[in-house]
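Next up: a single chain in structure tokens, the form predicted on its own.
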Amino acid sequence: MIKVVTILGARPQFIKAGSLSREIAKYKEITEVIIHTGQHYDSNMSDIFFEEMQIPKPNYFLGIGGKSHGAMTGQMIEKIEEVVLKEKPDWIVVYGDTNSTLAGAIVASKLHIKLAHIEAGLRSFNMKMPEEVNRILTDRVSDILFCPTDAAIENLKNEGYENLQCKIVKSGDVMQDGAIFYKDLAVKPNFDIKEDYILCTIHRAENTDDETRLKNIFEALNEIAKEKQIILPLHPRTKKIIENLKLNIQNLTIIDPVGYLEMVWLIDNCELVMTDSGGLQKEAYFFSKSCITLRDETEWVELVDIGANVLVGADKGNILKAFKNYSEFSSKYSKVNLYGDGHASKIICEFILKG
């Protein structure tokens, strides 16, 4: 019997991990123990959330969140180590690039437990982003690097990982597994929605904490909203910043954050996605939607390369130009197999079984 401890902290990680957990359940040889660090805990992380998403409830909830990077990561290392010493797993599995990911990786390396990093090899090449630091350090101590794309594998090769004692595996993307699964469960939100709306999200600190960037973005959005309905689920923190800056949002359809099944419906039925989110860029592609990314760089460079995604930063002119031309760039790419065929979780389980 192989025991796997999975470390999760952010809501998107639970959605990704749900795909792997459902696959693990098919294997009698694998037992999974889930640790929720509490990094991004909110009231939506409730029993209802796990039931609706068909995600296993965590075996451990550490309640660590709302602290500085150092305090948060340090406390996570301490508490995760306690659980791992108790559970004695064969593998620790981490996802992506959060502080929870790095904490789990450090525990695994210090206790000499095999570490699997899912979404390995991604790079934005911006070392000012804490996520970039987390993913690079986690990759370095991993035993298996499960890469979602060829670009991720190429990044690792360029950094010399072929010369290290680790396996590099192109698994495909577990988020695509989830998109396929949840599409049939999607729920239409209960508010007025026009047929050709744009779905927009803004949450990254590089935008919300920069008055000039945020002002430029919302000036552009208000212009676009004169032509198309823009639905913008807005976190209370971002909403408060906007109110304090007295930014014009009168043309936008501002809503509270929605559940994931409602978000899947909004992605699947929109005409265009505009976002600074990493995950939503991919989800737009999974549902054959063009994406305008309100960032200066992206870890999903392959989407930019094929024309499915365009980077505009926070420049008003670039945003408006991209909106004007999005029908053109959306027609330039055909559906190609960038992220696997929806069987990433199965591939990961098979490699874990092999040891």
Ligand code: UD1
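Since the structure is predicted, the reported quantities are computational estimates derived from the model, not experimental observations. Residue numbers run from 1 along the displayed sequence.
The discussion below concerns the form predicted together with the named molecule, not included here.
Interface residue among Asn134, Gln75, Thr149, Gln229, judged by heavy atoms within 4.5 Å of the named molecule in the predicted bound form: Asn134. Only one of Lys240, Lys110, Lys188, Lys128 lies close to the named molecule in the predicted bound form, with a heavy atom inside 4.5 Å, and it is Lys240. Within 4.5 Å of the named molecule in the predicted bound form, a heavy atom is found for none of His117, Thr138 and Lys167. Interface residue remark: Gly70 is not counted as part of the site for the named molecule in the predicted bound form, having no heavy atom within 4.5 Å. In the predicted bound form, the named molecule lies within 4.5 Å of some heavy atom of Asp97. In the predicted bound form, the named molecule sits within 4.5 Å of a heavy atom belonging to His40.
The named molecule in the predicted bound form comes within 4.5 Å of no heavy atom belonging to Leu338. Partner contacts here mean any heavy atom within 4.5 Å of the named molecule in the predicted bound form, and among 197-205, 221-229, 178-186, 83-91 they occur only in 197-205. Annotation for 148-182: no interface residues with the named molecule in the predicted bound form [heavy atom within 4.5 Å].
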